[in-house]
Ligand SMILES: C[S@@+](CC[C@H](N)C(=O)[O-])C[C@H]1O[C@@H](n2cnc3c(N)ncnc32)[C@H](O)[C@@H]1O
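Just the one chain here, laid out as structure tokens, in the form predicted on its own.
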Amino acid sequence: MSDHVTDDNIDQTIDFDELQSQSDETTFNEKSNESNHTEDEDIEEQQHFFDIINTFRYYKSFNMKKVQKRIDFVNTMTTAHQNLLENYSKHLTEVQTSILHNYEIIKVIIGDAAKIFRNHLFLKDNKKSSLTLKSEKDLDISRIDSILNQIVREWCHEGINERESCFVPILNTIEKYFPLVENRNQIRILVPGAGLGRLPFEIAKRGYSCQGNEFSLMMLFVANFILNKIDSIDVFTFYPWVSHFSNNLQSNHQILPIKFPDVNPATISKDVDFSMVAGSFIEIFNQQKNQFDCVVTCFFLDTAQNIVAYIETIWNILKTGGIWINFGPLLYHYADMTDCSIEPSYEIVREIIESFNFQFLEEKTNQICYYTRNPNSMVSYQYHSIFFVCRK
């Protein structure tokens, strides 16, 4: 099978004409100073957007190859071995069907991808001839598996235990420090690292004005689809663990069907300002001062190359007396990459936080939780997270 995108992989034509979002949709913006962009930087952004679209488009061919490789291997075996693997071969056929089903949903998700941002460079003066259609091997297709697992964590009934372990303490803390029912929409809350938007959705659902910030375009494509294109419960069925060939106790665990979303995303009051903004947390917010009553960081601090810059930005954007709520581990994302980064212990992170004159109001260690866990897998990773509340 060729590494080039087949006709079937590109049957979702993207409309490059700019389209204004409907007024009743969750607003997705990309905040950047376009006047400071060079032409090369503009093309680089467009190329990144194009790469993400094509990463989704390659999902079917990439994963079907993985299954076909196993089918071909079985076919090289002796008849006796093939007979013993009859149920396994039937299972591989079911895996193929599940992959095809997932791809149908992916095509719907990326169908409106170019229309997410009202001001995205991909929609303006697009030099399509300057964009490179990269081959399958040059894109990280496996990242889509993480996105499918993230849907389970945030928008499926099967993710309720993960959400209760970290979202509920955060939501209860917001209610504790901002208890007033009247004029709740005047309380502004920021959630950097918002993922697929469930946590900011839950905050906005309680009447607070909330903005989510997410760097990953892959996350934002799916968040836009869920928040703006779905208006009922359990609309779609997908197979989030279909690419997990290892640690399956039963064959059907790999092709377990899961429905999403478990709640109606179209239930936010029109009186509440609920939006998502794309881009780097530091680049977007480092010049903003005294903008938010509360900042919520959930599994976010360890995404920093320089955690000091994160803490400094949180201090700057909080109003005097504002509340910072944090939940998560310190699994530093850049620790094993070629990019430069620092990985201070929580002991040192705490000293840095206090050096900015944050006052610790609550603090708990060893908060056990999971992240995108496959509940049927033979292996899982348990986090012993930190929960704290600080006041500026």
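A quick note: this is a predicted structure, and the numbers were derived from the prediction, not measured. Don't overthink the numbering: it's just position in the shown sequence, from 1.
There is also a form predicted together with this ligand; it is not shown, and the following applies to it.
Engineer: Counting any non-hydrogen atom inside 4.5 Å, which residue from 274, 238, 310, 103 sits next to this ligand in the predicted bound form?
Structural biologist: Of 274, 238, 310, 103, the residue with a heavy atom within 4.5 Å of this ligand in the predicted bound form is 310.
Engineer: Using a 4.5 Å heavy atom cut-off, which residue among 243, 150, 209, 165 comes into contact with this ligand in the predicted bound form?
Structural biologist: Of 243, 150, 209, 165, the residue with a heavy atom within 4.5 Å of this ligand in the predicted bound form is 150.
Engineer: Does the trio 174, 292 and 322 actually contact this ligand in the predicted bound form, every residue with a heavy atom within 4.5 Å?
Structural biologist: No, the whole trio is out of contact, none within 4.5 Å by any heavy atom.
Engineer: Among 246 to 254, 78 to 86, 313 to 321, 210 to 218, which stretch has residues with heavy atoms no more than 4.5 Å from this ligand in the predicted bound form?
Structural biologist: Going by heavy atoms within 4.5 Å, the stretch is 210 to 218.
Engineer: With a 4.5 Å heavy atom cut-off, would you call residue 280 a contact of this ligand in the predicted bound form?
Structural biologist: Yes, residue 280 lies within 4.5 Å of this ligand in the predicted bound form.
Engineer: Would residue 159 count as touching this ligand in the predicted bound form under a 4.5 Å heavy atom rule?
Structural biologist: No.
Engineer: So in the predicted bound form, does any heavy atom of residue 333 sit within 4.5 Å of this ligand?
Structural biologist: Yes, residue 333 is a contact residue.
Engineer: With the cut-off set at 4.5 Å between non-hydrogen atoms, does residue 109 touch this ligand in the predicted bound form?
Structural biologist: Outside the cut-off, so no.
Engineer: Heavy atom within 4.5 Å of this ligand in the predicted bound form: which residues of 297 to 320 meet that condition, in order?
Structural biologist: Heavy-atom contacts to this ligand in the predicted bound form: 298, 299, 300, 303, 310.
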